[in-house]
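Below sits a lone chain in structure tokens, taken as the form predicted on its own.
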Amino acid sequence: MANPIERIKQEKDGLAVRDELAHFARIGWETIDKGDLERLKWVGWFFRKKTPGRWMLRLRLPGGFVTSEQMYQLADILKVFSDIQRADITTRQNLELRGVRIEDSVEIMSRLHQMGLTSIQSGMDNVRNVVGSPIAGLDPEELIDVRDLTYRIQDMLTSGGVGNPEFSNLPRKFNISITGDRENSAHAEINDIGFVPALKYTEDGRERIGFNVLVGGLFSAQRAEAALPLDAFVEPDGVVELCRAILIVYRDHGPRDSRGRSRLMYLIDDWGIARFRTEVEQLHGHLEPASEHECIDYEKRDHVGIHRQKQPGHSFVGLHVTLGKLGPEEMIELGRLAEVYGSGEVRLTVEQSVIIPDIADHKLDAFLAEPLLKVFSPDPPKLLRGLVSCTGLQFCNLAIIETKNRALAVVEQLEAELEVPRPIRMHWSGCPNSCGQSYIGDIGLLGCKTKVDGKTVDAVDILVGGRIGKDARLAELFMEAVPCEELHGVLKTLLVERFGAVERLVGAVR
């Protein structure tokens, strides 16, 4: 028997609600049936039990690129339509707008369309936001500028933002990353398809630049697994069609009986990577074997701070946005800074921060003196700098514990007590689904519950040793079910013993 979500899709295609928004806006959220509450995620509208009547709207921003004008308009949507007036930068370089009402959905969607944005197919059994290098086109040492490819992949998935039924009924969600830099900034190993730069050489020594391909990476409550090599090399012009072929194989053959094992990796488990590759070839045509010259040879950066661009006389500046939280006034200021000092572009990172590119040397000092940089610092404290978190219990239906406020409080206390030698990437997730990408943190925390003196309390499983960039690997379990009340002491000891932190002198000031 089909699982409940499959039954919902069989009753009515998820994309059908695209043409029913006016109806839902008219009848109001309380009378929308459960099936349509799920289907509305196909157009980016997420009912939140934590805030009845106030929804989350998830956009699609391939590669994390936003213009100043789009920032202004998104801020206005929050001001006019949201009681919370908050947006969150996600770990997929995306924005989620909180506190909006389904009754205003037609007007909000019209505004998104006018500014060239879409929320179509951003949730449920669709391909999520395509992530790419946040410094594509800026990085002096990149091999491939992937900006155009992120948009071409999205256009294939969503038919230019209007919705594409060809890829709207996958067995489960699906993630794609593509990067042309040398540090794997888009975390290929945790995506269902990951493209990483590689070089091949012809018999006469001519250099060919393309991508090696990874498949099957996933985080879920049941499993965390790094992607496997597909043994395929593809040049940039072949990326979109290879994505299409892999998606069709997954769509048509991926397991659907259990939501817990419906991701691509389970199909690869069932078939083996050799058969999976063969099935992809039958649709795509011959796949060239992977290159031995894979170009992930740098440590991963968070891009916070001042960095020289490949364009002479210009820099990009990464600003740390604490836990990705944005208010409308801050969004307007980011847009203004990008317009006045840069080229009118803001870029979002998978670390939930922002980059302002194209700042000319003669404007840099004035930019750094702007008041917003006291809030969104280019030089934050080391523990705060590496802090990433999912939404947590405040807004998410699946979360087990509160994350963002708790994570900030713990880090601020640790910052006051310890001096750490380098930024420590501390990733929080409110449940085992690991939306905060806990398995790639130096320290990862997964929300759970435990009992203390017979009373159920908030707790976390602690993971240690995640690595990104060169020689990427997933973190491993360090401690289980640590009560959150004890977490400060446990993390303090861990930072000292494993990460070289030392006690600050009493009264010392950073």
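Keep in mind the model is a prediction, meaning the values are calculated, not measured. Quick note: we count residues from 1 along the sequence shown, nothing fancier.
A second form of this protein, the form predicted in complex with a small molecule, is not displayed here; the remarks below concern that form.
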{"query": "4.5 Å heavy atom contact with the small molecule in the model of the complex for all of R98, N397 and N433", "finding": "yes"}
{"query": "Contact stretch among 22-30, 466-474, 480-488, 52-60 - heavy atom within 4.5 Å of the small molecule in the model of the complex", "finding": "52-60"}
{"query": "Heavy atom of F46 within 4.5 Å of the small molecule in the model of the complex", "finding": "yes"}
{"query": "The small molecule contact in the model of the complex: L218, any heavy atom under 4.5 Å", "finding": "yes"}
{"query": "Interface membership of S82, the small molecule in the model of the complex, 4.5 Å heavy atom rule", "finding": "no"}
{"query": "Exercise: R152 in contact with the small molecule in the model of the complex, heavy atom 4.5 Å", "finding": "no"}
{"query": "Residue (of S315, T118, N126, Q437) lying close to the small molecule in the model of the complex, criterion heavy atoms within 4.5 Å", "finding": "Q437"}
{"query": "Contacting member of V213, I190, M71, C243, with respect to the small molecule in the model of the complex [4.5 Å, heavy atom]", "finding": "I190"}
